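A lone chain, given as structure tokens: the form predicted on its own.
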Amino acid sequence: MTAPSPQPQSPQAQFARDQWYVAAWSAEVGRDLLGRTILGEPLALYRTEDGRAVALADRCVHRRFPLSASRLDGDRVVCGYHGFTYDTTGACVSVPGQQRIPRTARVAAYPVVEQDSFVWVWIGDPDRADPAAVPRAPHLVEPGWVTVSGMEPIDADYGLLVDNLMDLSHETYLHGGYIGTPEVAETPITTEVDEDASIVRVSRHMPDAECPPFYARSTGIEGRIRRLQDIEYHAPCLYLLHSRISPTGSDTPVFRTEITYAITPSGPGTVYDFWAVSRDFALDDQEVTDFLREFNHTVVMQDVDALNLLQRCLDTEPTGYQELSINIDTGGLAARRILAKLAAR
């Protein structure tokens, strides 16, 4: 395969609004108001007394005070500045000093779906929100899996994080000594694109590879391994990496890990990186759980630091700079095309 023609540098992403995005881990949303900004829109998230997650616009209509810095009275949000009070639909139900409530006194309420440990919100036209369209990550909640997770904000364009995750050859260089080995960069990839479903699949199968510390210390495997990496990116938000390892030359035992990322743009040049590692082995071993939590957080922070640096460099590039893409970028370029198509809708 010949290298694609040089592509223009990745601009700040034009966001697809009529889509579901992860706003928080379920465990983050409770009876304390939580502020998040999704696609440039500030949200206030909380949980009703009966446990339902709610997302309201995070600005009081009166003087724009953030509702996330306010308080709850039952299931109602009371603005911490002048006391304007909103119900779960965003309607203002009380204003200070008068009985009449202005007709325009309401804030937006966003459709919410809570599924697989994530709280998903719909930022676009609420009439187009289809809960059945939320992609699944069932390993995050199903029995037989143990998960460690976290979230890191990154001061970089949303598209740079998508590029990073679609091309795992960077593991060899950025994550050497953690999850990267020479075989990751040396092994060719296969790519499948489902334009209609907005899914990109990238596979890298390594029949005989060095076992990186991530797997050696968590599984106890000694020697070389058969390592299978199968990416499944559901644009625009959910990224799944199905990872399978076993000793070289043997089909058993198979150790399975599911690496999950929710890639949610906060605004131009900022993105939330929700991450999780789920495993189906050593389920009762707290030492393995603690190791994977600490180890993967280190790997995530290596990506955070690299993308923050890359964004600062791109911000200083002269107009018209052209980037060069090669075979390993096939999946990332397909993701860019799909994201551009979704945004254009």
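Please read all numbers here as calculations on a predicted model, not as lab measurements. Note that residue numbering begins at 1 and tracks the sequence as displayed.
Beyond what is shown, the protein has a form predicted in complex with a further copy of the same chain; the following relates to that form.
Checked against a further copy of the same chain in the predicted bound form, the candidates L39, V61, L33, V288 yield a single residue with a heavy atom inside 4.5 Å, and that residue is V61. Exactly one listed residue, out of C79, V121, L238, I154, brings a non-hydrogen atom to within 4.5 Å of a further copy of the same chain in the predicted bound form: C79. At the 4.5 Å threshold, heavy atoms of A334 stay clear of a further copy of the same chain in the predicted bound form, well away from it. The shortest heavy atom separation between Q14 and a further copy of the same chain in the predicted bound form exceeds 4.5 Å. a further copy of the same chain in the predicted bound form comes within 4.5 Å of no heavy atom belonging to E232.
In the predicted bound form, a further copy of the same chain sits beyond 4.5 Å of every heavy atom of Y178. Residues with any non-hydrogen atom within 4.5 angstroms of a further copy of the same chain in the predicted bound form fall in just one of 44 to 52, 276 to 284, 23 to 31, 300 to 308: 300 to 308.
Here the marked residues N164, S169 and C313 all reach a further copy of the same chain in the predicted bound form, each with a heavy atom within 4.5 angstroms.
Shown here without a further copy of the same chain, the chain has V95, P96, G97, Q98, R100, P102, T104, A105 in 87 to 113 lying with a heavy atom within 4.5 Å of that partner in the predicted bound form.
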